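In the block that follows, a single chain appears as structure tokens, in the form predicted alone.
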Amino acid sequence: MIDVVLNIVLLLFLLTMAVSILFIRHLMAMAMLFGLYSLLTAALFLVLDAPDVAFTEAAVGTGISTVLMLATLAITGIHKEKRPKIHLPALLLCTLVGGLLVVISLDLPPLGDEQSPALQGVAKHYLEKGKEETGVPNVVTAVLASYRGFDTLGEVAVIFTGGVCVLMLLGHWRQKPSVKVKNKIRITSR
């Protein structure tokens, strides 16, 4: 019962953050709300017994993304110029794709269905023997840290490399202080 109440409270906080992000005009506050949204999402994953996903969300979503947003704001400014107009073709395309995704999701097997295609084959082996072979009680953590450890390491290396590249790009755009030169004569040819 307490898990259901905690899930509902976290969901309400997430909805509050999402609506606040939509209507706020101060970009620094928006970046902070994005960080808080990611932190709440990490807490929700932790409540759902997925500590590895929660850790990734906390590190990437709350940590790196917030730092990158704040670095970008330090370079570009913290206020929006004006409220953008609604782009009708983009709104139509998003509505169409969203509706298509809802229609497609109706064809998915019910949650927890033992006959679903995802639970056949190798997933069945992971569920039945994962704890015995790895010693990790959480199946998701066992798959990511043990069975697919090198793949997870590669993904983390790619994310780290991408973050470093973005930081390098943001650092490259900083304006350098201008140097005043006294008594310099320019010779121009005609």
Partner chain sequence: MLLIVVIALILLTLALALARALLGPSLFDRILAVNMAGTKSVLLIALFAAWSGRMDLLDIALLYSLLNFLAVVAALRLIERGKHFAYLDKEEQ
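Positions refer to the first chain, counted from 1. All values derive from a computational prediction rather than experimental measurement. Throughout, rigid core stands for the largest set of C-alpha atoms superposing within 1.5 Å between the two forms.
There is also a form predicted together with the partner chain; it is not shown, and the following applies to it.
Contact annotation for 22-39: residues with any non-hydrogen atom within 4.5 angstroms of the partner chain in the predicted complex are 24, 26, 28, 29, 32, 33, 36, 39, listed in sequence order. Comparing the forms between the shown form and the other one, the C-alpha position of residue 166 differs by 2 angstroms or more, with the core used for superposition.
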